[in-house]
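Read the single chain below, which is given as structure tokens and is the form predicted alone.
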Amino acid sequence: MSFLQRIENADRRWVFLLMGLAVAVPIIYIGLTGKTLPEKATPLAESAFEVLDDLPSGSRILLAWDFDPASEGELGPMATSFIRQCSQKGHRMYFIALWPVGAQMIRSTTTKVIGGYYPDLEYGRDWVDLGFKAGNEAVIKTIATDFRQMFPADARGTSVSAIPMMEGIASLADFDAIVNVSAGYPGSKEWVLYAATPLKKPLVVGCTGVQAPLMYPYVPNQVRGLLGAIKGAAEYESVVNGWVREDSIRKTLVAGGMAESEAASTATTLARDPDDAGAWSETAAAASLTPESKAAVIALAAAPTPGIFLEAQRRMGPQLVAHLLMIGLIVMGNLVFFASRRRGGGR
């Protein structure tokens, strides 16, 4: 029996075994090594990052978490990266939810990111949880003109008049950008129709793969940045992680006495290739820093990214290998089919 005939008559259970290995091996490898596959960000993911990055520190960002635990695997990494970028940039974050379980998602993501990595951020001055409000798109229509009618108090029951960062917030027009992480209705489309379009506010959307095609027509006018499914989350995650490392190095260099322009270029170099940190520490520029600052820069360049900010990239590993296997099997199946026809074995 020839090789092609063996392939043609192979037991389908071998295909199931290969697919199981294609999923299991990347999971085991990534789990043991902590390494993830590189991600090339698309313009949509880069635009999502740039909307928040271009705003000055202290800008007011409304973050609407319209998803639940069922879609957290796909949308959770987006939510954590949005918070990380806003926290690192110094934006003021206002969290709301139009989904009942969205309030739980707010507590979960803020606890993990702000509580774990930005403990210096003060509740009520740097971020606030305004909780869930029932009413679907009616909530958006109302807060477009009267924010406090729908949100008179935060999720803890504190009156918004007693929360310092709520001063000057009367409507959606007072926010500098809107970020929506959505798993369905109400969600991205409602924010486009009743907020981004009439108010001309920058809107960044992170949504499930099913929703993403519905959002493409709104790019780039109403939707300035779009993250679709776990792939979009992985791309945005990689951009934010690289920028946070670079920004942290830059701030440390400036605090150590280096000029801003030189610190920016040095931070970019070290963030892209952490292996250069050892050689850089022997340069004249590094010699001008205090030993403490120099050690901090080297540590930042070499420090691994916390696992919480790699979840999307980790999940892309088995997905990529499984998809490559499927493509390979399709190609092989067609080759076998046409070879069989050529031998006269089929029509």
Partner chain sequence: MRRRLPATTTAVLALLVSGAALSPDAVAAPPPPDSVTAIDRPGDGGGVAEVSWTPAPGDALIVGWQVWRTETDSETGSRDAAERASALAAAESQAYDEAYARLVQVEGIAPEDAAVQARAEARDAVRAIARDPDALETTELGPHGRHWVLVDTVDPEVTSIEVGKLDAADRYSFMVYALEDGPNGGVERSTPSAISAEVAPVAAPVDLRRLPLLVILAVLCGAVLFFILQARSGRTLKIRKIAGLAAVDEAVGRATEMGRPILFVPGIQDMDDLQTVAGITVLGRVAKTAAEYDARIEVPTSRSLVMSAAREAVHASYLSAGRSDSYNPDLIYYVTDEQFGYTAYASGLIVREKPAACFYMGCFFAESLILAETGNSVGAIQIAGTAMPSQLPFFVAACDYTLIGEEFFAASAYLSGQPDQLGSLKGQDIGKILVGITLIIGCLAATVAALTGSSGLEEAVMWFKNSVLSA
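From a predicted model like this one, the values you see are computed outputs, not experimental measurements. Residue numbers count along the first chain shown, from 1.
Below: the form predicted in complex with the partner chain, not depicted.
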Thinking of Asp126, Glu262 and Ser293 as one candidate spot, does the partner chain come within 4.5 Å of a heavy atom in every one of them in the predicted bound form?
no
Contact label in the predicted bound form: Ala255 to the partner chain, heavy atom within 4.5 Å
no
Would Ser161 count as a contact of the partner chain in the predicted bound form, using a 4.5 angstroms cut-off between non-hydrogen atoms?
yes
Does Arg148 make contact with the partner chain in the predicted bound form, using a 4.5 Å heavy atom cut-off?
yes
Hey, in the predicted bound form, does Asp174 get a heavy atom within 4.5 angstroms of the partner chain?
yes
Please name which of the stretches 237 to 245, 161 to 169, 79 to 87, 270 to 278 has residues with heavy atoms lying within 4.5 Å of the partner chain in the predicted bound form.
161 to 169
Restricting to 65 to 88, the residues within 4.5 Å of the partner chain in the predicted bound form through any heavy atom are Asp68, Ala70
